[in-house]
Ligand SMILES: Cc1cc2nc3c(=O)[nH]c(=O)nc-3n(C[C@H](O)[C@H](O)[C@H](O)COP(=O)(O)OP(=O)(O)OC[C@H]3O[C@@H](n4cnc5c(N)ncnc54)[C@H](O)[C@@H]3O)c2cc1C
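We begin with a single chain expressed as structure tokens, specifically the form predicted on its own.
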């Protein structure tokens, strides 16, 4: 008798967990469920579209569905019906012996300062999903203007900076849509100020991301607020010194890094942002940057659709991700918005061992139908074969120097998933 396991969320955490569970036991019937008709979650829609090396982990995850017997159930939303869910968590648990929530954290944290509701203030997650052609953000049409201020100094902020700083030809080989590249070219961004609350030595970016900026053409990079000390310098400071002064003085775009400045307020005229105000906590100095847009990149939080706070609050072992027998939390949904994709692998392996141990100690009684019941109830869900047809549609007849042209509407994905393969 197989033990049925539903992993809700087809991103890295969910896929790594399925991979780890399959190595521990061979009697598991695992299904990965996602609200989108396509798998891979954060890798498809969150990783910057010009970072195809990172997106390459998809090839590893594909083996789950192609060789290891894991099922994919797409276009099925689990959670609160008031948030548009098709199935409640309790209903899903009635169908599976074990349910694991690995849906991540998709809502952008807010700055909590006056003026951030002004037109022209954008959230990094929303913008990244737009550039990745996520259906929820496909119609988004951000007017950034010539002067952009980015608030935050983590890897997402650097992703945003890099995309804005690139020239059109530098997107070759990516899945950054030519329509996005054309719009950025027409926007003609001239200045990009990236401002972090932390001193440079405590910035949260990966030094590799900083060094990558040194490969850009057509941009001048200036780093302000660097400590003069070099003895014992860490890799972050070393990377910043390497790129300081990169590019020609008359470059079309100028990037300026600023550290130690906390956001204070956004100001504007006629409802649109025109200035971003900061203060220095150490000496009380003020910094005012004129801008046409502000992009906040200060982390993510729960979108409340799965009642994460309630689940964590009643967890019997929150650190391990155990809510109660048969219900677990994984990845960012468990521990909050910290950790990279590789770090999620270690987290998934630890959780898999806990689930396996719990199943050994208390084997499930009876049988639960799993995906069989889902497929009999919902005729709009997709499977892995459907994803392969979507994949084929997205990679056929590509524009020059692109590796994929994503379908941006769920209806189009479903139509592609149901299309009969020509023989």
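Numbering follows the first chain given and starts at 1. Note that the structure is predicted; figures quoted are calculated from it, not measured.
What comes next is about the form predicted in complex with the ligand, which does not appear here.
Colleague: Check each of 359, 381, 70, 42 and return the one that places a heavy atom within 4.5 angstroms of the ligand in the predicted complex.
Modeller: Contact residue from the list: 42.
Colleague: Is it the case that 52, 161 and 219 all touch the ligand in the predicted complex, with a non-hydrogen atom of each within 4.5 angstroms?
Modeller: No.
Colleague: Please pick out the stretch from 182-190, 252-260, 342-350, 284-292 that is in contact with the ligand in the predicted complex, where contact means heavy atoms within 4.5 Å.
Modeller: In the other structure, the partner sits against 342-350.
Colleague: Spell out, yes or no, whether the shortest heavy atom distance between residue 296 and the ligand in the predicted complex is within 4.5 Å.
Modeller: Heavy-atom contact with the ligand at 4.5 Å: absent for residue 296.
Colleague: Although the ligand is absent from this view, report whether residue 10 comes within 4.5 Å of it in the predicted complex, heavy atoms only.
Modeller: Close contact exists here: in the predicted complex, residue 10 approaches the ligand to within 4.5 Å, heavy atoms only.
Colleague: Does the ligand get within 4.5 angstroms of any non-hydrogen atom of residue 93 in the predicted complex?
Modeller: Output for residue 93 is no: heavy atoms all beyond 4.5 Å of the ligand.
Colleague: Please run the contact check for residue 77 against the ligand in the predicted complex: heavy atoms, 4.5 angstroms, yes or no?
Modeller: Answer yes; at least one heavy atom of residue 77 falls within 4.5 Å of the ligand in the predicted complex.
Colleague: For the heavy atom contacts within 4.5 Å of the ligand in the predicted complex, list the residues of 22-41 involved, in sequence order.
Modeller: Read in sequence order, the residues that approach the ligand (within 4.5 Å, in the predicted complex) are 33, 34, 35, 36, 41.
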